[in-house]
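Take a look at this single chain in structure tokens; it is the form predicted alone.
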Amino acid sequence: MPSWAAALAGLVAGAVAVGVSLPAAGVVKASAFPPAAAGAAAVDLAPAWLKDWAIRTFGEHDKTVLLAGVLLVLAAAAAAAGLLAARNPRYGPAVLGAFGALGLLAVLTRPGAGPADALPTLLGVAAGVFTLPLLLRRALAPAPAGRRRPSPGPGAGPRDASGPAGGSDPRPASHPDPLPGGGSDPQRPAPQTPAVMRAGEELRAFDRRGLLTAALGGAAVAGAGAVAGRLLTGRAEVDTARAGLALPRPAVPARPVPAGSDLRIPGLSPFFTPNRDFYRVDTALVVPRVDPADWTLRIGGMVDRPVELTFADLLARPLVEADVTLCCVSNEVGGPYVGNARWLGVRLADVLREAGVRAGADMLLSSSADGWTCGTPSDVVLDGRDALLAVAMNGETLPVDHGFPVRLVVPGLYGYVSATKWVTEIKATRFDRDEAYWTPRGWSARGPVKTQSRIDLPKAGAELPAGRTVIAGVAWAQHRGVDAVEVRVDGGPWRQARLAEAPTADTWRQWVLDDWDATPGGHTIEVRATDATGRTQTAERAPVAPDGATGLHAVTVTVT
């Protein structure tokens, strides 16, 4: 059998294994899907520098790239299983079983995993082990009539297909025996397609059509599994529930956005970031699909009265609107992982006061539906800022990618310590007793947002005509507010930029310098912001780890 055929049989068997495990994971839970669990384990084990490199290199596509990498590794293993099984039928199942064991380990070590989570992996491996030899058999068809190997006669010793009992004949079985003098017997049939033969069995030759037909059948099984998995994971139901959700009007509307908050300069980030453009950075390879009818939020730990809320309970409470800018700690100086939105939700502080958070509980450990955890300083949530259990974003129900049905929004803190998506539990505890997901991986436990500014116009590397040129961008210092922005060109004097209005200290501010007289040549433009406490952002460069990048954003342009 050609090597490509054996490898194809392995690939199809692997696809069947994945296709069977996906709907099984839909019945159990999404995190029990072996490739997703393996990818999540890779994220957990990856050092901080590798995570930062992935975000810098692939941006918001980092999870897609990781999952594709996991599937490529599985494909390579499946192809190897096919090649080995063509040599020895026992090798293929051994390879598939070994990778199944790794997948099972990844699944069972996920947060909240139980014995039932093993089912998708076990069913997938069983399907692959069953499919591989079936494909290999279909790849071999009976040889043409007249090429059957007779069984040895009574009393004959064991014989193989190429020689007498107890020995072997080095000549290929498909070649006729030579006559004395080097000729061939013209009465013997001509050589045929290479065949596999055993004593007492008919010869079997490679059957391309049989293999391809069987492979198409296996691919159909894998595809049907993918469709069934989509349905069973509740994706359609959750999308329907989200689309049909009618949000109550806010009891406390957001302040009107002042005229002049958006300078409406083409190419400048708008005051409100559209939901489709809002950055997404999280660890979820498979986005949790949480039906609001099944969602509950449990608040416990160091509280006097544990609280449990359903989604209906949450919507029955007074809802508050707030304009809040969110920023990821992985955002490099001048990076894209920052956005501003109008959020609608319930004040978290009100719910915590009902629960009665005890003195000494300085951390709120929140958990996501997929097991991710986040540690938020409790004093920040309780100091009067608009920390929300958010249910809507920019006037529409939360997108699934951004935490539907409920997420946390806390102004002034990086997302890794404040912005839990798909939140299901909040535990009042202490920083010296519990750690959230990123803290043991080398990140700061608290994470207040640092004052930063970014140049949106002109773009880095742009070629500009000489003359009057607009320089514009955004600056943020959540819950302190931006008081001033300055710009300089080629290390010259700092010049004050004009600031757009901002409704609160929790949003970013647009800024513009529209009278730069650009002269021919190369130029470097820098920006810095000063927050309302009087602190100007530092020019000292620091990486994103452990608590956010620092430095001045600069772009280089060419004027012609």
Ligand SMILES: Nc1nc2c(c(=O)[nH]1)N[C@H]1C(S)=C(S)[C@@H](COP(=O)(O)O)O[C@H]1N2
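Quantities reported herein were computed from a predicted structural model and do not represent experimental measurements. From 1 onward, residues are counted along the sequence shown.
Keep in mind the form predicted together with this ligand is missing from the figure; the text below concerns it.
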*Among 271, 476, 422, 99, which has any heavy atom within 4.5 Å of this ligand in the model of the complex?*
422
_Residue among 279, 311, 206, 91 with a heavy atom within 4.5 Å of this ligand in the model of the complex_ = 279
*Consider residue 407 of the chain shown here, and say whether it contacts this ligand in the model of the complex, taking contact as heavy atoms within 4.5 Å.*
yes
*Does this ligand come within 4.5 Å of any heavy atom of residue 368 in the model of the complex?*
yes
*Answer for residue 261 alone: is it within 4.5 Å of this ligand in the model of the complex, judged on heavy atom distances?*
no
*asked:* Since only the chain is shown here, I'm wondering whether residue 439 would be in contact with this ligand in the model of the complex (any heavy atom pair within 4.5 Å).
replied: no
*Contact segment among 459-467, 319-327, 69-77, 355-363, judged by heavy atoms lying within 4.5 Å of this ligand in the model of the complex*: 319-327
